[in-house]
Ligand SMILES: NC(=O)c1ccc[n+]([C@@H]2O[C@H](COP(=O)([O-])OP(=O)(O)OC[C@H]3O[C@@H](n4cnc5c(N)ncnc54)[C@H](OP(=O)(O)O)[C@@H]3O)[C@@H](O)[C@H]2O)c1
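One chain comes next, on its own, written out as structure tokens in the form predicted on its own.
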């Protein structure tokens, strides 16, 4: 099937080089409805992702950007908006998961979690909302939070607080941007197979044991896969969700029921 590139809607995906972000890009590319721009700090991951995803250069591209640095965010957006005049969607997917409770969380870890998990989504939304408002079909902002933003993990203090704040940022932006036909919604995944968990396990065996133990405790009997999250993303980008904003959709295999 040929793609009418004139009518592709441009969507930015942070953390698009791996994990949930990569799967979102894969699924959106397959719909042939969107022109994707992937953002990540890791250039090698982005290059590998583009190679695996395929697609022409006018269907998918990437920009290297350290979301901890507001100057880099500004530069990246200037580059993107110079090439893509209309921005339809923003998927704030990038995140970090520092471990530590009240006594062990370092100030630097707190600041980094807030910068990537909360401040970057704010800065990106702030910059792109005026452009979305000019679109005849408005825009879509989708924030990927976590069940930890609803039911906190005491051993991941900075992460839990930043993700809870992202939920509230979603609702606050939804109230303000609705007049411009911009919907702002939030997805809260539970435990999903993702590189975010690999850092804290010493071997592949240990990681799989973690997934198995957590998965069997859930009502649906397994952890999530990145593909389990993409359906919600596609829904919030589509016209089927045109009258939904400020929503927080939990995708967790029943974790919050425990």
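Numbering follows the first chain given and starts at 1. This structure is a prediction, so every number in the text was calculated from the model and none was measured.
If you look for the form predicted together with the named molecule, you will not find it shown, but the lines that follow are about it.
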Do residue 66 and the named molecule come within 4.5 Å of each other in the predicted bound form, heavy atoms counted?
yes
Would residue 94 count as a contact of the named molecule in the predicted bound form, using a 4.5 angstroms cut-off between non-hydrogen atoms?
yes
Residue 26 near the named molecule in the predicted bound form, any heavy atom under 4.5 Å?
no
Indicate whether the named molecule has at least one heavy atom within 4.5 Å of a heavy atom of residue 194 in the predicted bound form.
yes
Given the named molecule in the predicted bound form, answer whether the residues 17, 40 and 159 all have a heavy atom inside 4.5 Å of it.
yes
Only one of 169, 177, 128, 116 has a non-hydrogen atom within 4.5 angstroms of the named molecule in the predicted bound form; which is it?
116
Going by heavy atoms within 4.5 Å, which of 66-74, 201-209, 49-57, 26-34 lines up against the named molecule in the predicted bound form?
66-74
So which bits of 128-148 sit within 4.5 Å of the named molecule in the predicted bound form, heavy atoms only?
144, 145, 146
